[in-house]
Every structure is written in structure tokens, then in C-alpha cells.
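Next comes just one chain, in C-alpha cells: the form predicted on its own.
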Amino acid sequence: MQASRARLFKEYKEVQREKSADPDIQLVCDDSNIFKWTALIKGPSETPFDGGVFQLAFAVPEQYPLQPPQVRFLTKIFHPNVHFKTGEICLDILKNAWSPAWTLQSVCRAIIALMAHPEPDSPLNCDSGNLLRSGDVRGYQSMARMYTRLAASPKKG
């Protein structure tokens, strides 16, 4: 557990130092628990998620970095690799392709890349996956844009 704490403190310091280096990701550690983090990520440009800000929750295991963090979307998102109700993310690096070289910041980058390049053949959201698999890209983008506006757009006024 000490090793995971030391690693998380190191990542915390890096996040503080590099706040302006990656404007698409804002990682925040819980004040009272180094094993709980949240992130705000910007939807990638030229995707239906452009203009949206999505909140992620990280639960970091005590065996980190030997085991991956559990990450889920708190913001509703219409995406084939994200469970619509729970926010669970289907991403190989969070499962069997995890490496201790990954950091919480790089996990956020991988999730942004997944948002831009969905994998409809391993869907957690079958409706979304089926739209893409059937070739209805316009239908998928329309639904994804609608949910981005409803759930991930900063409120005005």
C-alpha cells in the first residue's frame, strides 16, 4: 500500500505541475482519500462530444500501479463502449492490457481517444454499437450530440 501511495503522490505532484500542459484534462484528487480521484475531460473536437465536458470517477486499488484503476463516466454519454446506466468503460488498458507505465493522466488521454474512435464490436451500450455496426453513423452522431448537449454542456446563465 505504501508503494501505491507514493506513486499516487508522485502523480498528484505531476498533475499540479502540468495543469496548463493538457487543457483537455483536469484531474483532481479527493482531499481526504488519495485513492479517489475525479477528472473533467473535454470531448474531442470533430466528434459528437465536441463542446462537452465529461466527469470521470477513479477508484484506485491499493495494488496500484500493478492493477488498473476502476474508471467510470459520471456524466451520461451515448457511446458504444460506455454502459449508459453505470458509466462503466470497456477499454483494454483498464482490463487485460494494463501496464504500470500508465498513469491516471494517460488513462484520461486513452478515454478521450476512445471517445473519438469507438469500438462498436465490443459494446457495453448495444443501441449505440448497433447504430454504428449497421452503418448508421448519422444516427449515432445525432444521439451522441443530443446527450452531449443534455448532460455534458456547461449550463448557461
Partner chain sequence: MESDEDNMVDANDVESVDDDIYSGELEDDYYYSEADGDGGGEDGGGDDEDGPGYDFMAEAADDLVEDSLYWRQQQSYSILKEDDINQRQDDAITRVSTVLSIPKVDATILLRHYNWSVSKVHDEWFADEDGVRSTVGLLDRPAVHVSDVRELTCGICFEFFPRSRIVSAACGHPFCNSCWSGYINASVNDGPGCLALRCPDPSCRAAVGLDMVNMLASDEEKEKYARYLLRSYVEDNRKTKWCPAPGCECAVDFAGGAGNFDVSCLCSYSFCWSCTEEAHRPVDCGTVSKWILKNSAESENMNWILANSKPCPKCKRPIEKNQGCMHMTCTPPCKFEFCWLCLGSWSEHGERTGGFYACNRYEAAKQEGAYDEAEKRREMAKNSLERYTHYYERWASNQTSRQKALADLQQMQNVHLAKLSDIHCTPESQLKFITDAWLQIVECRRVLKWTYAYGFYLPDHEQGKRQFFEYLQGEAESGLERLHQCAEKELQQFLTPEADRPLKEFEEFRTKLAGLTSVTKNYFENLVRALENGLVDVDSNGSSSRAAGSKDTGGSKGRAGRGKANVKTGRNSDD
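Owing to the predicted nature of the structure, the values given are computational and were not obtained by experimental measurement. Positions refer to the first chain, counted from 1.
Keep in mind that the form predicted in complex with its partner chain is missing from the display, and what follows is about it.
Candidate site K42, G52 and R149: all three near its partner chain in the predicted bound form by heavy atom within 4.5 Å: No, none of K42, G52 and R149 comes within 4.5 Å of its partner chain in the predicted bound form.
Scan Q70, S99, N33, S122 and let me know which has any heavy atom within 4.5 Å of its partner chain in the predicted bound form. None of the other options qualify; the answer is S99.
Its partner chain: the contacting residue among A116, A59, L66, C126 in the predicted bound form [heavy atom, 4.5 Å]: Only one option qualifies, and that one is L66.
Looking at the partner-bound form in the predicted bound form, is T103 within 4.5 Å of its partner chain by any heavy atom? T103 belongs to the contact set for its partner chain.
Its partner chain contact in the predicted bound form: R138, any heavy atom under 4.5 Å: It does not: once its partner chain is placed as it appears in the predicted bound form, R138 has no heavy atom within 4.5 Å of it.
Would you classify K19 as touching its partner chain in the predicted bound form, given a 4.5 Å non-hydrogen atom cut-off? No - in the predicted bound form, heavy atoms of K19 and its partner chain never come within 4.5 Å of each other.
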